[in-house]
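A lone chain, given as structure tokens: the form predicted on its own.
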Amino acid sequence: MSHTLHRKGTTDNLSGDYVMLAMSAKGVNAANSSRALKDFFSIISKYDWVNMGEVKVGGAYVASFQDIVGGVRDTSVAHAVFHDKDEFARVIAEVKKADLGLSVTISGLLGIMNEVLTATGLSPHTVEVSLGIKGKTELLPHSDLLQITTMCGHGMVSQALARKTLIDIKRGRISLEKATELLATPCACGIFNPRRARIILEDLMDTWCMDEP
């Protein structure tokens, strides 16, 4: 799964952004895997997550935990996002101990991911690295906006929403809390990190020009 790989940002704000997803393999162990996926969510729920979700149900900003778990099927992909590295490591350790028989992917800065895996006695099966964006990069949203929009790997958080949110904050129309909620809501997988979004918005409040393209 690669939709969690392409998050833009600084080393500082990406250091508080850890994504985990779990799924079964179609044709291998998908049959009756919904129980294991529900157990995965049960483990996640015991820790300090900042978002979670299942794409057919939605993320935690549109659905309750009970609805997310209730909507799990054998073909589901379970997602969760954490802000604290040590908390993330504890989750991985418990998922490892539970031995659910699922494929688990984690995403974050490579150095930190290696630290977490070493601490939990694991080594990666496969490593995928984002090589960036090629082509007509001049058509991309402003780099500041990309820090926000790329937290939804399926592109459901639009640059227009990110821009409007920044402008509304600067004009005092909405609070930071409301802004992060609005930005997190469209991300159906639940991999948008609202806590990181708040950090980014706070950093941009003094530097963002409302006339930026």
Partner chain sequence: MRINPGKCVGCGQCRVFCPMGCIAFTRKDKGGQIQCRINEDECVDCEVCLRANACPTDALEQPPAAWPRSVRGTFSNPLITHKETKVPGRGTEEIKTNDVTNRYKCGYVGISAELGRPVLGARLRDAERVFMVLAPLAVEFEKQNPLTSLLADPATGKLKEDVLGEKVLSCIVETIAPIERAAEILDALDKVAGEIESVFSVDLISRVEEDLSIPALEMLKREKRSYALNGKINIGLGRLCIKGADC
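Residue numbers count along the first chain shown, from 1. Nothing here was measured: the structure is a model prediction, and the numbers come from that model.
Below: the form predicted in complex with the partner chain, not depicted.
Just give me the single entry in 178, 38, 56, 170 that has a non-hydrogen atom within 4.5 angstroms of the partner chain in the predicted complex. Filtering the options by heavy-atom distance leaves 56.
To test your reading of this chain, name the stretch in 170-178, 63-71, 152-160, 45-53 whose heavy atoms come within 4.5 Å of the partner chain in the predicted complex. That would be 152-160.
Decide whether residue 188 counts as a contact residue for the partner chain in the predicted complex under a heavy atom distance cut-off of 4.5 Å. Looking in the predicted complex, residue contacts with the partner chain include residue 188, since a heavy atom lies within 4.5 Å.
In the predicted complex, does residue 205 come within 4.5 Å of the partner chain, counting heavy atoms only? No.
State yes or no: in the predicted complex, is some non-hydrogen atom of residue 23 no more than 4.5 angstroms from a non-hydrogen atom of the partner chain? Residue-level check for residue 23: yes, a contact with the partner chain.
Any chance residue 137 has a heavy atom within 4.5 Å of the partner chain in the predicted complex? Yes, residue 137 lies within 4.5 Å of the partner chain in the predicted complex.
Let me know which residues along 109-139 have a heavy atom within 4.5 Å of the partner chain in the predicted complex, or say none if there are none. Result: 109, 110, 113, 114, 117, 122, 123, 124, 125, 126, 127, 128, 129, 130, 131, 132, 133, 134, 135, 136, 137, 139.
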